[in-house]
Each structure stands twice: as C-alpha cells, then as structure tokens.
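We begin with a single chain expressed as structure tokens, specifically the form predicted alone.
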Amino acid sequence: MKRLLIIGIGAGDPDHLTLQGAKAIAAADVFFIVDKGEAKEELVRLRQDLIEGHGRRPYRIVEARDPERDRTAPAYAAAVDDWRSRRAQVYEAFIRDELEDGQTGAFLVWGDPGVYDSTLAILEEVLERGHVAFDHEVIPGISSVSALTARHRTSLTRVARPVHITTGRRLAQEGATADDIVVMLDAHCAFAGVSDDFHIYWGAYLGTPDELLVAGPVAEVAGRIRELRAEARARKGWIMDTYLLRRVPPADRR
C-alpha cells in the first residue's frame, strides 16, 4: 500500500514545525509540491528548506504547476469545485506515477491541514475516483488562527461564548452574526462594514519576516489596515491575512 503524510508546517515561521511534523518529514520518500508561480515562490522555498533541514536522504521532490482558478466567475462555489477537481488530477498523477508501492509520500501544508485548507478534500476525491489506492495520515500544524491570537496576546475564545469562523466573502454577505468572528482571506476588507462596537485583531504573512499586525477598534484602524494590505499586496504580488473580530461590551467601549 502506498502511504501519504499530510503535514501541517505552520503559518510561516520555520520554528512552527512541530516535533511530530519533523519526524513525519524524516519518514517520507517523496515530497509533492504544487507550484503557484513566481509571485508565491517563497511559499515553495519554505517547504524546500524544511525538507532539506529534516528530510532523510535519499528522497525526491516532485513539483507540478497548480491549475489556475477562475477568480472572476460569478458562481464562486462552482469555480472552486472545478479548480479542486483539476488539482485532484494533479495529485492522482503524483501518486500514480511518482510513488511506488510501499513508499511514503508527503504534502507539506501551510498552517494546519484541518483548518481552511483543501488538501484533505482533494485527496478524498482522488480516493473516490478509484484509480489509485493509498493510506494517509494527517499531522496537525500551527494554524494562522493560532499564530494570530498568539501574536496579539489574546485568546480565541471567551467564557461561554462561541466562535464563528467564516470568510471575507460571507462576512460581506451576512454581516457580523456572532460576537467573536474569525475571518480568513478577506480580499475586499469586509471588516469595514461591521458596526462600531467591534475590535479587530488583524495579521498578514504571520510568522514571516514580512509579518504585519494591527489591533484596535474597527472604526479607528480600518483605514490603516486597508492601506497596509494594498501596499503589501502590490509589493509582493500576494497576501494571506486573517483576523479576529470581537464585539466589545458597552462598559468597555471608549
């Protein structure tokens, strides 16, 4: 049986890699990397550095270009499903052509594979197709959410309060439907549309030398976050950001 390891490598800091993750890298024979193009070359470079630092030779690194996703399609969910299916074809080819029976392959996943990542769903689709068979194990990593709350020295939860995790797209459509909301990848700064009784803890490129952090009442810092985000996006060609919105009790508002 072919074996796959889906290894969470953290939010960007090489030291985010856990001992379990380092052992998993050392156990792999073949590493599969999907290249997202020159703009995101540093994301590939971190994976290569971790493999070089923790892998046991002889190992192989196999790369393929990530299929393009139509980001202008009005039907967002359908566009994502199409992109996942095309990426599943890439993963299937990886496993079929590059991994021998009895060998262990590995995908190094940004953050935590179980938090806002498509790798597990894509591999499930590969299994459902029935063309290749494999066993797989998931190694958790430090997510961008964990890195965000740690860098802002705050907790994700409050006593007896739920936390809602959503996207910038859904926040813009539905508004703030909870008192504590984690928002992933908000390209249009939907936080600016929430009420003035929210505090925001925002971070981009968490754990990397380019890390950006802003915290404060949304009404006061929304403009600064917009400017920082636009400048960073223009400079690097990509941005990954996460934030926590927290409704402030009336007694604690300024």
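Note that residue numbering begins at 1 and tracks the sequence as displayed. Only a predicted model underlies this, so the values are computations on that prediction, with no experimental measurement involved.
Below, we refer to the form predicted together with another copy of the chain, which is not included among the displayed structures.
Asker: In the model of the complex, do T72, G223 and D241 all reach within 4.5 Å of another copy of the chain through at least one heavy atom apiece?
Answerer: No, the candidate spot makes no contact with another copy of the chain.
Asker: With a cut-off of 4.5 Å between heavy atoms, is H199 one of the residues that contacts another copy of the chain in the model of the complex?
Answerer: Looking in the model of the complex, residue contacts with another copy of the chain do not include H199, since no heavy atom lies within 4.5 Å.
Asker: Does any part of D117 reach within 4.5 Å of another copy of the chain in the model of the complex? Heavy atoms only, please.
Answerer: Yes, D117 is a contact residue.
Asker: With a cut-off of 4.5 Å between heavy atoms, is D112 one of the residues that contacts another copy of the chain in the model of the complex?
Answerer: Flag for D112 set to yes.
Asker: In the model of the complex, does V126 have a heavy atom within 4.5 Å of another copy of the chain?
Answerer: Close contact is absent here: in the model of the complex, V126 is far from another copy of the chain, nothing within 4.5 Å, heavy atoms only.
Asker: Identify, from the list L99, V90, I165, V132, the residue with a heavy atom within 4.5 Å of another copy of the chain in the model of the complex.
Answerer: Here the answer is residue option I165.
Asker: Heavy atom within 4.5 Å of another copy of the chain in the model of the complex: which residues of 1-21 meet that condition, in order?
Answerer: D13, P14, D15, H16, L17, T18, L19, Q20, in sequence order.
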